[in-house]
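So here's one chain in two forms, each on its own in structure tokens, numbered structure 1 and structure 2.
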Structure 1
């Protein structure tokens, strides 16, 4: 009876207490219509501040002549100066770099991923970590190591290997082919581990039953790679090659670490390096911005053409 009395008193006390409505602001922020925008808000702010605003401001600057304390609109004059021998040389070097890195950074990581995904390979975690470590290393730090390895002295690691093969020492930073080799090998060394993880993640989604069925049909390793693995890796191949194209045209550090602002005969000049050379080195920000806008258009057009050719924009049922 005492327990009934206590429960009745507790219920009467609850009735006396006024019901507290939830905070309207919290209710609004927790609604299903608002929560998605809260999660994407940091990205939107960073995109507006770090991407859209600099892009729009760069386009405006490309129509200006900018001097200390003086800004003058000059129309298309900066763009008329873009078509020159140095720009064509920079575009040629960059295009060769893009082609070579796309081939290397697509094929090599894919084959390494297939190898590391094999059930017969031991120490998989060790090899994966070893290949990913270069991505965590600064390009400048890694570039300085490469610069020492490929220095022009006979005592450098690269020239010692060349001499063991019975060839003469190479002036690595002063020949067109060796200069391109240095940039490509540094860029490939840096990004192979990252692309490897993309391929490994996609390989996990391939059903083991497909390989078992292929074994029953008597397919060898190459046939399974061609008819099962590569078709299932197509989305990642397109993704990796696309970002490699974009990053290749934006390449700067791999060139800067070997030659800084200028290279003999422009053997290491890239489009972004040319922007830096003109905009910062020559204090011609308007001309540098015009080159940047042209580069942005080149990347956009090439990326769209590549995605169309690979069928990325087709519907899934086509």
Structure 2
């Protein structure tokens, strides 16, 4: 190619070439061998520049002390600093959040989907849509609503309910337990409708004959749920819970919207929040990257263990 282009620059051939050259080039660009690479080209560039390079650079940065105009390798010092009380607090908050949301966001949408799929229900579209609407709000808007509903005053919705139950008003954003409650309820509220859709889609694939056969055998509703529905939903249960685990470890906004960057006693500190606080807030990019690498390893290990425990890899071999 390049030699062709060069020869076309030679003045003696200028008169003849311009007619042939574009044709050759077009033919080359239009050959079935080349076209797919041109189509995939944006992905190659984006992978190299926006994924591979940052990933490698992030790992390198985690061994560096980065000051403006001055970068210095400091070995494992960032990693030894990661083992501190704040990080453990962030990690324990995040882990509790993950465990609670996995339980809530798998079980509740599954039961709702089974109910929504039953023959007893009318207005299915309306119910499905109304459960889905929270997913359309941003975490910031959703969080602001929850801040107002769980405001500290006696007249907020939450405290009015609490006082109906005969208890004292709660300072929702300032206790460890209620802080966790706020984050979990906001996250769950926004995601229930989405997970419900996954379960509903899978439920459509269970054949009605199975249930008819079970009816003939005299199975009751609970038995049908236990022996037909849940086994058939297993792939989607694994999918939904894996996604929820990963999203839980990435959690940041649900905390930011209640406390911005610092919460009393770190009740709302999460791992990603800690990366943001140290990497951007304190401008300590090396330390922030080290936390990022640790988080990556944690997510990776937990996902693998989880997928092995649930037998996902075995299913592929069968």
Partner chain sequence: MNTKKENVALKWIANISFAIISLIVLFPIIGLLVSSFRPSSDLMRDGISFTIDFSNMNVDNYMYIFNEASQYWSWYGNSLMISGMTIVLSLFFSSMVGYALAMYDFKGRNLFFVLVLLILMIPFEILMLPLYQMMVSAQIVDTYFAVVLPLIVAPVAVFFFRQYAMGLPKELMDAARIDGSTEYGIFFKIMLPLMGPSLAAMAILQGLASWNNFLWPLLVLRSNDMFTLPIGLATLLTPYGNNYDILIAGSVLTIIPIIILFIFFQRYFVAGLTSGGVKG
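Because the structure is predicted, anything quoted here is derived from the model rather than measured. We call the rigid core the largest set of C-alpha positions that still match within 1.5 Å between the two forms. Positions refer to the first chain, counted from 1.
Looking at the condition given, the form predicted together with its partner chain, one finds it describes the source of structure 2 alone. After superposition on the rigid core, displacement of the C-alpha of residue 252 between structures 1 and 2 stays below 2 Å. Once both forms are fitted on their core, a CA shift of 2 Å or more is seen for residue 46 between structures 1 and 2.
Shown is the Cα shift of residue 37 between structures 1 and 2 after rigid core superposition, which amounts to 6.7 Å.
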